[in-house]
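Shown here is one chain on its own, the form predicted on its own, set out as structure tokens.
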Amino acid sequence: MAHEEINLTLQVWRQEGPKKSGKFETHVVRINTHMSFLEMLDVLNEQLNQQKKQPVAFEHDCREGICGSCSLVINGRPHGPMQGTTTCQLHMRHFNDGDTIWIEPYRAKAFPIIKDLVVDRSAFDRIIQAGGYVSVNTGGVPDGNAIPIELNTAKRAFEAATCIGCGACVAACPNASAMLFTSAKVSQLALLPQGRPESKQRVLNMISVMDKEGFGLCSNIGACEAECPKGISLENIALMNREYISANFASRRVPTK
């Protein structure tokens, strides 16, 4: 099948560094509709290099929708107009000749801009480091059926574990809340018996670090779930809230003699 060539006007956010002011810069590119969005940005950068201009800084790695590093806001939506799709999986066939595309980084206090379209998402790493682990000594490879787990519970844990930490939930939320991300990391362990020994301290630690990093509060708008490329459910937030209340109650109990 032949692929059409189209002309696009790009409004790209340019910013020298975290302490510099930024602005949108206008560029015109002619690209083939079979290209991915990141390949289109590669074309733009080749064009800028030929003009002896500074290329646009953007982040990517796997280009397969599994690492989360390609995160951009495209026409006001994290990862662009296609639901369940990361930026690297977005193809230019979804745009039309003559379109203007606005491309900018995630906007959140906890995600400071490094340069152009690249933001520092290490706050997510620190949340995971605060408690996203289990201390169970598994030894060698355990038998798959050694610990019976109800099918629906295993499915919910697996679905929570599909979170790639891209930050789309934060970018979509008007409060820049990280509740969906944090709850996914809490749920994937809290739902399984291997994760229960540290469950109370884990949820307390992770929420404490989340708050310290400057993320906003959750107001149940639901934009996080709608824009998540992996479809992480709001039910995880409800589960994390129950875990948090239970852990808080347990930590305040006065031991009986």
Partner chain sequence: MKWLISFLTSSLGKKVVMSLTGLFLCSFLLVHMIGNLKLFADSDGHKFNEYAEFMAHNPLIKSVSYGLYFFILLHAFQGFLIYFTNRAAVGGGKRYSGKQVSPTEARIASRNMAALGTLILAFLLLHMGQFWLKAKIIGLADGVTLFDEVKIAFSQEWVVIAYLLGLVALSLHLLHGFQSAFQTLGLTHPKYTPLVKMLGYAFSILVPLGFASMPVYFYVMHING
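Not measured: the values here are computed from a predicted model. Residue numbers count along the first chain shown, from 1.
Keep in mind the form predicted together with the partner chain is missing from the figure; the text below concerns it.
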Practice task
May I ask you to state whether C218 is within 4.5 Å of the partner chain in the predicted complex, using heavy atom distances?
Solution key: yes
*Just to confirm, V12 within 4.5 Å of the partner chain in the predicted complex by heavy atoms?*
no
Open item on the list: Considering non-hydrogen atoms and a 4.5 Å limit, does the partner chain approach E25 in the predicted complex?
Closed with: no
Notebook entry, point to check: So, in the predicted complex, is G222 in contact with the partner chain at a 4.5 angstroms heavy atom limit?
Noted result: yes
Checked 147-179 against the partner chain in the predicted complex; residues with a heavy atom within 4.5 Å, sequence order, are V170, A171, A172, C173, P174, N175, A176, M179
